[in-house]
Each structure stands twice: as C-alpha cells, then as structure tokens.
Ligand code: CP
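Single chain ahead, by itself, as structure tokens, in the form predicted on its own.
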C-alpha cells in the first residue's frame, strides 16, 4: 500500500503504478464501508475542489460534489461557458490561479483533440493535483469504479474475461474515452480483454498498443474482434456501449450515417444468454434504452449499472483523499 500520493494528478490510470491503484481500491472499499456504517470520514476538512465543466454531466458532477462534502470539504461548480474561460482565460492561467485558490482542480473536457491537452496544460501550471473527470481520450474515474464493481461482483478479476464492445446509439456520437480506459486498466488486473467493434469504430492505435502491452506483461489475452455475438460468447463481463467513429470521421453527419449501418448491435436477452451463466452487464450510463441495450437486460438480474454508478462516489473519494490531503 502506498502511503504518500499527495499532489499526484489523476489524468489516466496509465500514469499510476499497480501498487498505487491497489491503494485506491483499498481506500475506496474502506470509505464505502465507513459510509455504510455512518462513520464520519472528514479527512479533507476545509479543502476546496474546483469542478470545471466544459461538457454536461449527471453522475460526474453529483458524485464529485457529494464526495468532497462527505470528506469534509467543498466543491465549487464552474461552467466554462459562464466564466471568462470562454473569453480568453488560458489553461496556464487557470492552472496558476485556481491552483492558488483551490486544493484540487477537477476538469471535464471532451472536445476532440482539445480536452486532454487542456487538462495537461492546466496540470503543468498548477501547484495542486488535477483530476480528469473525462476527456476525449481517458475516463479514469469511471474505469476505477468499473474495476471496483467487478471485484465486488466477481471476486479476483484475474483470469476473468471482459467484453468491451461497441453498441448502436442514436442520440449522439459518444466519446471513445470509456472503452479506451477499460482496455488499458483491465489487463493490469489480470483480465482477458475482447475489444469488439465494427471496422469503422477503431480506437486510437497507441492506446490499443498500450493495452496489448499491458496484457502481455500481465500474461493475459487481448483479442480484437468484429463479431458482436462471438465477442459475447462465454464472457464474464459484458460492457457494451456506443462510441463515435471518431478515427474514421469527425463529421457528425457522416458519423451518424456510419453508425446507422449497425442498428442490430444491441445487447438483448438472447445475446446476454450467450455469455457465461453468471456474467454481469455493465454500462457507464446514460444508456440509449432499447437501442444500445434492452430494458430486460439493463433492468435485469445480471445488470450491475447502479452499483457501478454508486462506486463512482467511492473511488473518487479515495483519489481525492489520497491526493488532496
């Protein structure tokens, strides 16, 4: 267990060692138990976290605001559109100034070819830890919550198989940060990964290569497949969600045309039955119901989406407690 993580940024789990990530899990479980038993755990009393959003949110904002309050601190919600950030404040200026006002800076910025660079520029200028609430490349806190949920539901993840699959959605071209972060983290904890998607929905080659290297080091398997049902068959964890064909086109009209070719990529009861008997269904939410996944699956006994959403609170509190104390 690592006992000194103060000031460490969480931009991607790739920049944290396995020991450090084990520490996050240990602390997250401890904080979840404390909350369940009504044990106060205000380790960040008088600390303030800036919550800077360029992209709308439901679970992320709520879980961070609740988490910092439960740790005894305060979360300051900041909308980029209603501040001078939209009129010229630079990332360096935000890092320098917010790093002096606040004890941590959390940012959600998912714009393609912009979000991650912005977060890293803020981090370079900040004297306090910077936490990535999601960018166009990574979604570290969602994936830490996913790992915590898998450990709760399946025990030791080593040797288990997770299917990270694309699914059809009609609402908008969703970021690729969730599947990319999954294929980076899960091999490090011993899981076999199946990355399943139609040809136009490839992920970033360097991220895929890092995931493959993580699997090689952990002596697990990493398969890339284009058959949805073959990817589900016998798997222990079905994590099927939509993402945009962003490496094929950044034109939303063309992207929608491509996406609509694969309307049959839906997790329904028949397909869920192809997985292992005790398989679980996961999704970061919000889901396009009866388009990405049927009501029967997401509301069924194999779905763990609400436990998964709750665990966002606990892993975020763990990282805040470790880095902002």
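Residue numbers count along the first chain shown, from 1. Just so we're clear, the structure is a prediction, and the values are computed from it rather than from any experiment.
As for the form predicted in complex with phosphoric acid mono(formamide)ester (CP), it is not shown, yet the points below apply to it.
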Q. Residue 60 near phosphoric acid mono(formamide)ester (CP) in the model of the complex, any heavy atom under 4.5 Å?
A. yes
### Message
With the partner left out here, check for me: in the model of the complex, does some heavy atom of residue 285 sit within 4.5 Å of phosphoric acid mono(formamide)ester (CP)?
### Response
yes
I'd like to know if residue 139 sits close to phosphoric acid mono(formamide)ester (CP) in the model of the complex, meaning any non-hydrogen atom pair within 4.5 angstroms. yes
Q.
Can you tell me whether residue 108 touches phosphoric acid mono(formamide)ester (CP)? I mean in the model of the complex, with a 4.5 angstroms heavy atom cut-off.
A. yes
Only one of 52-60, 264-272, 22-30, 36-44 has residues with a heavy atom within 4.5 Å of phosphoric acid mono(formamide)ester (CP) in the model of the complex, and that stretch is 52-60
Applying a 4.5 angstroms cut-off on non-hydrogen atoms, the residues of 299-315 near phosphoric acid mono(formamide)ester (CP) in the model of the complex are 312
